[in-house]
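What follows is one chain in structure tokens, specifically the form predicted on its own.
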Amino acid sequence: MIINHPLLGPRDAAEFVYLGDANLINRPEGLGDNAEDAMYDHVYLRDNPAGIHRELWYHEQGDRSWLVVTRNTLTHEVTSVELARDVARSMGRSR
């Protein structure tokens, strides 16, 4: 599978490490009334969809950037690749 890195161009997926669902960017606040339950759900409860899915990938053997890769989990077709920092900023997160 080829991942078209936004800064470096096409790279083999072997250069990357898969982390999981891109919703991990949406970490809940740790001090709210329901913080413990929200954090448990965030860390342990995951969907495993078939089809289009947004995922976090880490470019371990390259520039060490985090990417949000949108791909079809049935065909492995990659439809978009974004820098995770840009996705987090667009959501109002500074991480």
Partner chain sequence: MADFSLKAAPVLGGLDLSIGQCKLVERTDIALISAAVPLDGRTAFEARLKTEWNLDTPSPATSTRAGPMRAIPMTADQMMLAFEPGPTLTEASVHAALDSDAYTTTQTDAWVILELSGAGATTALERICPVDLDAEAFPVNGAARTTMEHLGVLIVRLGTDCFLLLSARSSAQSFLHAVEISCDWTAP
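Positions refer to the first chain, counted from 1. What you see is a predicted model; the values in this text were computed from it and never measured.
The following text describes the form predicted together with its partner chain, which does not appear among the structures shown.
Mind checking whether each of 7, 15 and 63 has a heavy atom within 4.5 Å of its partner chain in the predicted complex? Affirmative, all three are within 4.5 Å.
Its partner chain contact in the predicted complex: residue 11, any heavy atom under 4.5 Å: Yes.
Can you tell me if residue 71 lies within 4.5 angstroms of its partner chain in the predicted complex, counting non-hydrogen atoms only? Taking the distances in the predicted complex, the answer for residue 71 is no, it never comes within 4.5 Å of its partner chain.
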